[in-house]
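This document opens with one chain alone, in structure tokens, the form predicted on its own.
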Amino acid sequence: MAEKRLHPRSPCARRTAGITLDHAAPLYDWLAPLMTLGAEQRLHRRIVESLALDRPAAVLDVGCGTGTLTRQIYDALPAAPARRVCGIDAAEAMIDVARRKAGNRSGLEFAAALAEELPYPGATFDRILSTFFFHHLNYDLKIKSLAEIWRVLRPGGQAAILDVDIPYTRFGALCAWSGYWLFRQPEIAENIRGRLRDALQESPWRNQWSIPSRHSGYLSLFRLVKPQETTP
């Protein structure tokens, strides 16, 4: 695959056509609150609440960055041997930071991996989350990554995606399009035009998703529920 971006990319990142942020890893924890206009912690709390983490579970964070929310998910789960929280990101520099910050938490692990090729067997996780990641993927990768989330989620499990979506206020439209104009990413424009919703409908999640809440004028929290297996 030909190199697509000007920034250096780690070996894992070079395997995907998605946007990766190896170059931003040293400053990411400072930049993230600015990019969300100070709403990062409030949005993180909303994600934790939406996942209903009232019992030990296996949880996957797709596009985890430096693992800030991944650790919050881990700490929100009841302590038990069954507690397992995994974070994956294609940017190996991000994973290096996440591992350093994780300390010695048993059952918390990070791996450099691609969302469109998750390195886990089917039906591994009870909960899956992804925040501010899908606007880094083109439409084809959106569908492939959603199919992988379906594959590794257990029947009856839930997933949550928080990302750029169709703006619903003028301020939200300004924020969303400013992000596109600043970074010149067609992937962001796709989300603004509703293509993440289209990808959900074209993936195995068809009619199995909803939008329980919207935020900041241009963000949506998508709730995905995988049906229980039925006995013939």
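Position 1 is the first residue in the sequence shown; the rest follow in order. Predicted, not measured: the structure shown is a model, and the values here were computed from it.
Here the subject shifts to the form predicted in complex with a small molecule, a form of this protein not shown in this document.
Report the residue, out of L77, I88, A159, V152, that has at least one non-hydrogen atom within 4.5 angstroms of the small molecule in the predicted complex.
Exactly one listed residue reaches within 4.5 Å, namely I88.
I'd like to check something about E116: if you look in the predicted complex, is any of its heavy atoms closer than or equal to 4.5 Å to a heavy atom of the small molecule?
Judged by the heavy-atom cut-off of 4.5 Å, E116 is in contact with the small molecule in the predicted complex.
S220 near the small molecule in the predicted complex, any heavy atom under 4.5 Å?
It does not: once the small molecule is placed as it appears in the predicted complex, S220 has no heavy atom within 4.5 Å of it.
Looking in the predicted complex, any heavy atom of Y139 within 4.5 Å of the small molecule?
The answer is no: Y139 has no heavy atom within 4.5 Å of the small molecule.
Indicate whether F132 is a 4.5 Å heavy atom neighbour of the small molecule in the predicted complex.
Taking the distances in the predicted complex, the answer for F132 is yes, it comes within 4.5 Å of the small molecule.
Using heavy atoms and a 4.5 Å cut-off, decide whether I128, P204 and Q208 all contact the small molecule in the predicted complex.
Negative, none of the three is within 4.5 Å.
Work out which of the listed stretches, 45-53, 187-195, 58-66, 165-173, brings a heavy atom within 4.5 angstroms of the small molecule in the predicted complex.
Contact-bearing stretch, as computed: 58-66.
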